[in-house]
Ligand SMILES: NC(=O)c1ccc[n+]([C@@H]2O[C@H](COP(=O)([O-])OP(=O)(O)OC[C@H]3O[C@@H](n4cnc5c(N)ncnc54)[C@H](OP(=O)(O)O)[C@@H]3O)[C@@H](O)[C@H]2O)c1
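The chain below stands alone and is given in structure tokens; this is the form predicted alone.
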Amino acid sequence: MNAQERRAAHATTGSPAGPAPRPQMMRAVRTRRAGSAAHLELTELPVPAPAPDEVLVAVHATSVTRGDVVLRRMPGLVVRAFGETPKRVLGHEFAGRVVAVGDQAVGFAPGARVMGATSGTAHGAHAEFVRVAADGLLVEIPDHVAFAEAAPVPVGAMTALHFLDAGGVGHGTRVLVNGASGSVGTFAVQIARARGARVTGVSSARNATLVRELGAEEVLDHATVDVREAGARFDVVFDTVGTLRGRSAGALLAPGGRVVTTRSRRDETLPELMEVRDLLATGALRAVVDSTYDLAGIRDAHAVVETGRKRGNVLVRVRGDR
């Protein structure tokens, strides 16, 4: 199946007509050098023109992820050593509207409502516009889903989906999600539950109600319960926060069980993003939002993520929702 056929098979319909001509300059949050969030600054940059195989998206909403914080701190040489592209403008996930299409780009038209990720690009989505490959990590979003609802979904949900697949999670699987109230954790609980798994979440007591609402049968308070001594054994232990190590994780497994962890590297794929979009469309998946900022508040958004205590996702609104 070629790119055009693949897009046609998965794209939604009913995109409105394209918007008015775009401006020449845009607001963007630029990273001057690696290190503190104090090095982030809101500035103006030229609006990028899409390459022949790219589309230009007017960003309506984005997020600050743990990965954005890691990249902000990491020197460019180290980023390249890990096979990543250093970004002067951060922002890994986004939702918005296509405003221009390259001559060789297929599958999208101006006006299409989309969400995606900026993997492999030189500029991220903490800006009013972002250009992305038409055959990359980009899908149309359902008409009933607002940009602010879609923007925090791609990264955390694709990560959760990948590792649940790696663990073989399906109907009746007993799953422990460690860090169940974070971005990846909240998506993992929902996706595992949608597959018919029996989910136990590990979180703080203040987030227990949320984790149950997302689909967990039981929630363990990490501050008062040593999960290793809780007595339960699981087919899959999904460590979303990297706090279970070696024997600690292995001791929680039933015979033949598996440990999966976000400490492992992974590649994001278009089929994963399409599956995530479909779960969002049916209502089986929703993004939990801890707090919301605009571009001018990006340093505060980073500060929330750096605490390690956020519930779900930190949203950044760039322009009006629809």
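The first residue of the sequence shown is number 1, and the count goes up from there. These numbers were taken from a predicted model, which means no experiment stands behind them.
Omitted from view is the form predicted together with this ligand, to which the following refers.
Peer 1: Looking at 155-163, 106-114, 136-144, 119-127, which one sits within 4.5 Å of this ligand in the model of the complex if you count heavy atoms only?
Peer 2: Result of the contact check: 155-163.
Peer 1: Only one of Val169, Val199, Ala150, Val184 comes within 4.5 Å of this ligand in the model of the complex by heavy atoms, so just point that one out.
Peer 2: None of the others qualify; the residue that does is Val184.
Peer 1: Decide yes or no: are Arg206, Thr240 and Ser264 jointly within 4.5 Å of this ligand in the model of the complex, with each residue judged by its heavy atoms?
Peer 2: Yes, the whole trio is in contact, each within 4.5 Å by some heavy atom.
Peer 1: Under a 4.5 Å heavy atom criterion, is Gly215 part of the interface with this ligand in the model of the complex?
Peer 2: Gly215: no contact with this ligand in the model of the complex.
Peer 1: Using a 4.5 angstroms cut-off on non-hydrogen atoms, would His222 count as touching this ligand in the model of the complex?
Peer 2: Taking the distances in the model of the complex, the answer for His222 is yes, it comes within 4.5 Å of this ligand.
Peer 1: Answer for Lys310 alone: is it within 4.5 Å of this ligand in the model of the complex, judged on heavy atom distances?
Peer 2: Close contact exists here: in the model of the complex, Lys310 approaches this ligand to within 4.5 Å, heavy atoms only.
Peer 1: Classify His60 as contacting or not contacting this ligand in the model of the complex by the rule of any non-hydrogen atom within 4.5 angstroms, answering yes or no.
Peer 2: Outside the cut-off, so no.
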